[in-house]
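One chain is shown next in structure tokens, namely the form predicted on its own.
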Amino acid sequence: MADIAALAAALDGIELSSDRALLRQKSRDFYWYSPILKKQLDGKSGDLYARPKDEAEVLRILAACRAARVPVTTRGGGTGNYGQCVPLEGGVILDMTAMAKPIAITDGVVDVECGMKMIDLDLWARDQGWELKLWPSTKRTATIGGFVAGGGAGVGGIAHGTMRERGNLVGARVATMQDPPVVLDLEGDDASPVNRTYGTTGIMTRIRLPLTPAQDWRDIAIGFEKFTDASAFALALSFADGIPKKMCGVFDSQLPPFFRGIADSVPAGQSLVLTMVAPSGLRALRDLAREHNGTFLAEQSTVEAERDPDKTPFYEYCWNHTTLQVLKKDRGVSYLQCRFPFEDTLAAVEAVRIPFRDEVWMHTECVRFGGRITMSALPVIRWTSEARIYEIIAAFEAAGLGIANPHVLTIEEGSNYRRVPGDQLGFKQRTDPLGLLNPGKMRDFSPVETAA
């Protein structure tokens, strides 16, 4: 067993803590959305908390941990949903939030320390005429490093795809667990091995991302008597190239009553679309909504709402914030993550919505994958048992849906493809030969060196 006191002594001068309450707090994320993960992860905790202020301190921590064979689990804002930052084997919790400075914007690319909150980064970029291409519904608390390492999909996906799309990650500085640890400066495709790998392949210290010109986005809520009309409108908006948009989510009628702040604006029994559109597209949006029997219900400035702690930007009802909004009032639910086929998308939505409507409350988001438009789904599920959730998954897959299972721990099991890309696995074998970085999260990895 590692001597944590000796490790702490070797790291004198770095912000550390062995307080048990703090360790429990910093060893958690939102895995409890899944009753399966809650059972597996409750009680897991690190042994030492470390909060480095710069790359030199990161390298000191990694070197000491490698020498002592102590695992290291990286943490940003702790907003993940799959236990990405939960240490399965104890060790050091590496909190990156003290490294939170923007460096520069050059030719539309931002260079930023990985611990900066995404809301702060976006507002800083806005002051210079730019904004983030992508952000999660947890933008106001998530860090940019956590988003790249543990998520990568969300608001902006309707226009820019996910973080895995070529060009959405320009580069990263990554600290390794080699002997000795070093910092690699990776560009373009060479940076892809650290993209959505939960900190298993290296510790990102700085990230370079492309930005997009800032827009004065408007949050728009549109009501529909029929869910099918709402879905058809959303898909039509996705294909409407003349309407600048950042987001479009569709909610079956069971869900709007849980959306405090706009619930009173949605007539009982109506389905809801929440979208973000630039002011130049509002006239066309109204015409499109009228064509699909939709009625404007509410409107606000996205930026003004997210800057006000007492207001809710509409993206905080979308993506996996939908599940959170329901869980605030009803702990008897969980969720799934699905992707509908590119062809006959609306028919595929109905093929699973109708038979399961009593226990699956449909919620879709319009997204691009590889330049093609479809819908992802994060439906809220009335929870009964683990066996039942896998029956639903099997039925959805039989209907042609891809499932990114949020009830599992490893990168491979949570992927649509049930595997980790070869570039990521090979990179980890080189940068973490002992398997000390977030162990247990990359199923197909075997240590190249022994830990003896």
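The shown structure was predicted, so the numbers you read here are calculated from the model rather than taken from an experiment. In this text, residue numbers run from 1 along the sequence as written.
Beyond what is shown, the protein has a form predicted in complex with another copy of the chain; the following relates to that form.
Contact annotation for Glu343: at least one heavy atom lies within 4.5 Å of another copy of the chain in the predicted bound form.
Taking the partner from elsewhere, Arg140 is found to have every heavy atom lying beyond 4.5 Å of another copy of the chain in the predicted bound form.
Contact annotation for Gly161: at least one heavy atom lies within 4.5 Å of another copy of the chain in the predicted bound form. Looking at Glu165, you'd find a heavy atom of it within 4.5 angstroms of another copy of the chain in the predicted bound form. Exactly one listed residue, out of Pro257, Gly261, Gly152, Pro210, brings a non-hydrogen atom to within 4.5 Å of another copy of the chain in the predicted bound form: Pro210. Between another copy of the chain and the residues Pro180, Pro355, Gly188, Gly332, the one pair within 4.5 Å by heavy atoms in the predicted bound form involves Gly188. Here the marked residues Val250, Ser265 and Leu297 all miss another copy of the chain in the predicted bound form; none has a heavy atom within 4.5 angstroms. The candidate stretches are 223 to 231, 101 to 109, 86 to 94, 307 to 315, and the one lying within 4.5 Å of another copy of the chain in the predicted bound form by heavy atoms is 101 to 109. Interface residues of 255 to 284, taken as those with a heavy atom within 4.5 Å of another copy of the chain in the predicted bound form (partner not displayed): Pro279, Ser280, Arg283, Ala284, in sequence order.
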